[in-house]
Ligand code: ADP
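This document starts with one chain, in the form predicted on its own, laid out as structure tokens.
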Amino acid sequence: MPQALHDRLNVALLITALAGLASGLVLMLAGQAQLATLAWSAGVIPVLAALLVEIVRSLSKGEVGLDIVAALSMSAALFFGETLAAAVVALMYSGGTFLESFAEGRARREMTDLLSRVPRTATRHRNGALEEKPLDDILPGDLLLIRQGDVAPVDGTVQSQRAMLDQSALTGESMPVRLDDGDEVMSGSTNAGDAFDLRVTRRATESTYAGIVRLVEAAQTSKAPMARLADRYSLLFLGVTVVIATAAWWLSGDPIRAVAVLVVATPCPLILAVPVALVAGMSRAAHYGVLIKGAKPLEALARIKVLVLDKTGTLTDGRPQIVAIEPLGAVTADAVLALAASLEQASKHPMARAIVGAARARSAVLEIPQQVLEMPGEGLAGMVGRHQVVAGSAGFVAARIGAATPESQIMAVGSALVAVAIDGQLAGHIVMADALRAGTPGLLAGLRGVGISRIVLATGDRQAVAEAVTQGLELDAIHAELTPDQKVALVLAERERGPIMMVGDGVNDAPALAAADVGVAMGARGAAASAEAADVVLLVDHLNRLLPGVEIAQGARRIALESVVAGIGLSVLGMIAAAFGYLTPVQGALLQEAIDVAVILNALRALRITPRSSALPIGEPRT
């Protein structure tokens, strides 16, 4: 059944049960007992019919749930004429299913479509002109124009002198790469430089991005099933209920005692308290910037033992940052940065934006550059005030000033070098790298403190870069140069050690996120594919939100378990009282209502869970 139709059915059943109970009470007060009985029956029968269909569907899958107890109590109450008790049970059951449906629907509405990142059309060269065509019409051999900022919609080869592409979402490589004429381009890459021409080599359905989408679908089917918390107690509770009801009928000879037992036994504490606690936990987690897409993911998040982390955009910021400035000669580091940043204002390259941002953060005075010449992927040259400034790759700067450029003495693995020349003389180097997010060591220690016993890095970046960036972190394993399908294989292998959580932000992470017991996406800047495939989305671009999310999930699950134990305990006591004839079916239904109120109030404590970690709720100022 489509999810939207299922949600509407849950709403309709709740309204029917509520209307039947309310109208029956009104008719009873008006002295119309027979009509009241019909009204109560009319409110119960649709709920019972839908419940029986759900039971058959579950049994066909080999699943036994608490729905059977609810169906038995409603059926027995109707059969023996206890229609008021049946109506109360129907309302409680339909209310619980509505709560679960509401929680999952609220989370789904926050998600974006899996393919929203890729354009639906492409700009094609044809007969000396440009035309916009649907992707389905693009064939191998066509020549496309990829503008600055565009995402390559299909695989192809560069047909221009050069192209600068940001492939971080696909490969995990944080720095944009330069491709020359004839080099291959993967669909899903973003043009970080000037416009270039792309010769199509594969149709959209056969391209890299489409393959990743298929991997996501396959991974979702391989995901280990997560049973509802309430269903894990269903067989035991069902057995106890049947034994007590049968014994009460057999020993007393009164079938109404068995009906009273079944009514009291209706697992409303499980049906209601568990979803209330989990929905409250989801709401509380969202307050801290953690969107959990349903009650099942929240339950799974509370039981995680293994964590697999992507590097670029997850452990690291995903954007180049200045890690060192190496001045040469008499020019100071501040002067090198100020002049380079003044020139870089004319470029949209990510490294140029990082240099300008760093200079402004240091309150440097930036001048407007003049006569700027930019070679995409190489560097810039121009006038800044009275100075001729060149900034870019070592080879580009050396060629512009007519001299050899010495290598930096402070380059590290995984970093990039920007050489700066002033008035024909090499003035210094700016060393840039994708730096580790602040507070990462403390975060990993905190995650181990809440029960995660194994933490693994999985990245598409080079082994040397992965090891250099994560040096000093307490990781149990580092896996580098992984393709999307290799990440899925790693997740499936690590799952043998316990429930597993995967955290990532790129398109290449989406299949692994879908395969994990809990997939967590960096939603603030991450790809739509990863957000769609994930079970949890961090709504702010801070990995430290992960720890309060886990703490809240564990707290909500603990409160749900407390409600289950207390509710079942009280229900068993009520069943025993009913078995000895101390409770009629209607009295049993009212007692069950009181138990429901008690466990729901306890479940609502999940709204007040305060994580021990230091992350503040969204919008709350730090004092």
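Residue numbers here begin at 1 and follow the sequence given. Not measured: the values here are computed from a predicted model.
Only in words, not in the display: the form predicted together with the ligand, which the text now covers.
Asks: Would the ligand in the predicted bound form be within 4.5 angstroms of a non-hydrogen atom of every residue among Lys311, Ala352 and Gly377?
Replies: Each of the three qualifies.
Asks: Within a 4.5 Å heavy atom cut-off, is Thr459 in contact with the ligand in the predicted bound form?
Replies: Yes, contact at 4.5 Å.
Asks: How about Ala391 - does it come within 4.5 Å of the ligand in the predicted bound form, if we only consider non-hydrogen atoms?
Replies: Yes, contact at 4.5 Å.
Asks: Since only the chain is shown here, I'm wondering whether Ser347 would be in contact with the ligand in the predicted bound form (any heavy atom pair within 4.5 Å).
Replies: Taking the distances in the predicted bound form, the answer for Ser347 is yes, it comes within 4.5 Å of the ligand.
Asks: How about Ala324 - does it come within 4.5 Å of the ligand in the predicted bound form, if we only consider non-hydrogen atoms?
Replies: Contact check for Ala324: no, nothing within 4.5 Å of the ligand in the predicted bound form.
Asks: Determine which one of 290-298, 369-377, 330-338, 199-207 lies within 4.5 Å of the ligand in the predicted bound form, judging by heavy atom distances; exactly one does.
Replies: Of the options, only 369-377 has residues within 4.5 Å of the partner.
Asks: By the heavy atom within 4.5 Å rule, which residue out of Ile452, Leu135, Leu417, Leu436 makes contact with the ligand in the predicted bound form?
Replies: If I apply the 4.5 Å criterion carefully, the residue I get is Leu417.
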